[in-house]
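Here you get one chain, nothing else, as structure tokens; it is the form predicted alone.
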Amino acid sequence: MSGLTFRLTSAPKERLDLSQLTPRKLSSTPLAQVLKLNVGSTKSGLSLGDVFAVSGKPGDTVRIESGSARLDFVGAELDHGTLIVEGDVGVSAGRNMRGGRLEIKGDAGNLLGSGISGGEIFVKGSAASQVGGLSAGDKFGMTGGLIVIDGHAGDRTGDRMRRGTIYIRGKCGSFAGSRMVGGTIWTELGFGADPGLLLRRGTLIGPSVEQMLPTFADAGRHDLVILRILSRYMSATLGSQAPKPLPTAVRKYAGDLATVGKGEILLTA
């Protein structure tokens, strides 16, 4: 596995924009120029060589050692290859990803996978608010791809999401799937308050909801083929790390009836 490795030489004193550290961008940039890339967020003009030691040769893999919550836009615009972070990352990791694989061994800040249309993001820890959501100026949030979070996810996960799948082994915060128009959010430990606010289409799956919006209607128990398809997809994609297959029968709540109401919350317990 060839590629460049970046190691922080000291804790960053300002937020760093690491959107340029992708396999494709680095493969076409001489190492001397890589070290001069401006990664700072202030007028001081902080260069990459000021905060990182670099080793290895350009390849399909980029590894960032010594993570920090001040490392922003990690994996932004990633379209092929693998980017691994051995620790925490800041805001907007995986922003506008189109392909490839982003692995985060720690926690992720707000807006993880904002605008992602393809590829896979794996987070070993937890993620803050607006996973797969949209940033200022975006029409939609996540429009494709897969996000897997081993810990918990914050509020407004999947805000205005259109396609793709978010799987959370822990709990999902409040207002999950707000303004969602498609796609799937699946949590193993349940949703916080008011999931599906202004949900137009799409599916939220979990064992429980802290507080159900009054604009969702109990549609009874159903045996849905789509759940078996989703379980097979996760098994094929995640292998031994895949979740247990979903039950064949679930209770369905249809909504949000305050809007077109073609979405659904499926309770598995």
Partner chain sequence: MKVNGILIDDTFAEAFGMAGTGVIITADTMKWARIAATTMAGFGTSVIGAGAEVGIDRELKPEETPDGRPGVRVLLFGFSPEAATSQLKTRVGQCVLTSPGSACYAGVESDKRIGLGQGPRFFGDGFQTAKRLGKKRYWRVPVMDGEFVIEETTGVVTDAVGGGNLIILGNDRAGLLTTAEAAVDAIGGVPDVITPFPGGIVRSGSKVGSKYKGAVASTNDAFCPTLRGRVKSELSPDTVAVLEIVIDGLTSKSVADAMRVGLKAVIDTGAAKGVTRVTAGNYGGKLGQHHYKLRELLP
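Treat the numbers as computed from the prediction; the structure is a model and nothing was measured. Numbering follows the first chain given and starts at 1.
Separately, the form predicted together with its partner chain exists; it is not shown, and the next lines address it.
Heavy atoms of every residue among T203, R228 and K262 are located within 4.5 Å of its partner chain in the predicted complex.
Exactly one listed residue, out of A219, L224, M212, L238, brings a non-hydrogen atom to within 4.5 Å of its partner chain in the predicted complex: L224. Though its partner chain is absent from this view, in the predicted complex it lies within 4.5 Å of a heavy atom of just one residue from G81, G115, G192, G183, which is G183. Note that among 228-236, 56-64, 43-51, 30-38, the stretch whose heavy atoms approach its partner chain to within 4.5 Å in the predicted complex is 228-236. Interface membership of N110, defined by any non-hydrogen atom within 4.5 Å of its partner chain in the predicted complex, is ruled out. Its partner chain in the predicted complex is approached by K252, whose closest heavy atom lies within 4.5 angstroms of it.
Contact check for K105: no non-hydrogen atom falls within 4.5 Å of its partner chain in the predicted complex.
Although the partner is absent here, K124 lies well away from its partner chain in the predicted complex, with no heavy atom inside 4.5 Å. Along 146-183, residues R163, T165, G183 each place a heavy atom within 4.5 Å of its partner chain in the predicted complex.
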